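Encoded as structure tokens, the following chain is the form predicted alone, with no partner shown.
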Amino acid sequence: MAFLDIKDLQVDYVTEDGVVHALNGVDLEVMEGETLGLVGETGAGKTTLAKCIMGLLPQRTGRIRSGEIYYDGKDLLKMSLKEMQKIRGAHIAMIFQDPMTSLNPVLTVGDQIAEAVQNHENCKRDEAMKRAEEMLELVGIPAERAGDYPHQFSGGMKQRVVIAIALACNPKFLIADEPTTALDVTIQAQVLEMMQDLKRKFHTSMLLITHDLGVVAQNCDRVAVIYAGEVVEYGGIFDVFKGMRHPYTKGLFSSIPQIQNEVTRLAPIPGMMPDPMDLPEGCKFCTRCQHATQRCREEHPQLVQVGEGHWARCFLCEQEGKVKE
């Protein structure tokens, strides 16, 4: 049984210009103790998916058309705000994309970690601060810096503080939304290695959202490729990276420069992602795919099994396996 099970999740944003179709029937499973990588271009729906799990979809514009998100046998989408507040932070925590804007500039980092602890655990302020100092030490920051403010830390140190806040209550499931985007390569490696160590220590399951395929290869057990709000391919890391079947996945890998090949130009995927307010009727990738046929423009492909635990959403794969129910 999946630790987190997302079924047919469809999400819209209602704006003055029209309805943005952000997620279009996403199905995903995260098993206990595993790290699932979620890969896709900017605007593909990765952060929207994370916000749905956390119950942080903007109330004014966000609309969940359909879907279920089961955690520990309970549908998160049917929970009240009060129930969700008990889950958020204590059971499911999130590392946000930009550490520069995730921290409160007028509170010390110790206070911000202690606040997370006091919100979910019945303890006094002194105990919460002690826990905050322990968490800082755990992420490689001296405990005496608990009284410092965010502006006194570098970008990499700020991200460590954000991770400390997320892990303060020992959550069972961690969502990392592009946790290394704002960091340089050296600090990226340190932060990712630290996250893996903490994940093993706390036995935490993780959804790692990124557009960096190298990060996925080093840190994930399985990967899901998302395009225009739907999963187009997912499976084990080795299966997808060595036996990719969807044209979009192949395009992503082709656009990465190979160190052994001497080239003068990169090979990008032609065209742009379709307007989420006006998506194609058939395959969402048909406007950029060199294999697209008239059928691709008119019919919507289903996920087809192309290997053990390996699925792809493409008519080219129909002869290879069964359609996902």
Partner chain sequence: MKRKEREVGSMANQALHSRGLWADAWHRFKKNKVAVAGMVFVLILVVISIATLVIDWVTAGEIYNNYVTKTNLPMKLAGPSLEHIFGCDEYGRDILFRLLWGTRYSLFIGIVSILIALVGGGFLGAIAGFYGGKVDNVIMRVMDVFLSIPSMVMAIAIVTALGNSIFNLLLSIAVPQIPRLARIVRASVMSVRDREFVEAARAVGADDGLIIFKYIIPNALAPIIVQASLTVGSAILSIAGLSFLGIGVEPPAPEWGSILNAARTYMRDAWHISVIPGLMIMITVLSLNLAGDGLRDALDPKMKN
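None of these values were measured; they are calculated from a predicted model. Positions refer to the first chain, counted from 1.
Another form exists, predicted in complex with its partner chain; not displayed. Remarks below refer to it.
- Note that among 117-125, 69-77, 226-234, 180-188, the stretch whose heavy atoms approach its partner chain to within 4.5 Å in the model of the complex is 117-125.
- Contact with its partner chain in the model of the complex, judged by any heavy atom within 4.5 Å, is made by just one of Asn170, Gln85, Gln196, Ser254: Gln85.
- Of the candidates Met31, Ile64, Ala292, Met54, Met54 is the one whose heavy atoms come within 4.5 Å of its partner chain in the model of the complex; the others do not.
- In the model of the complex, its partner chain sits within 4.5 Å of a heavy atom of Leu103.
- Contact between Gly214 and its partner chain in the model of the complex is not found at the 4.5 Å heavy atom cutoff.
- Taking non-hydrogen atoms only, Ile92 approaches its partner chain to within 4.5 angstroms in the model of the complex.
- Interface membership of Phe241, defined by any non-hydrogen atom within 4.5 Å of its partner chain in the model of the complex, is ruled out.
- Taking its partner chain as positioned in the model of the complex, the residues of 130-148 that bring a heavy atom within 4.5 Å of it are, in sequence order, Glu144, Arg145, Gly147, Asp148.
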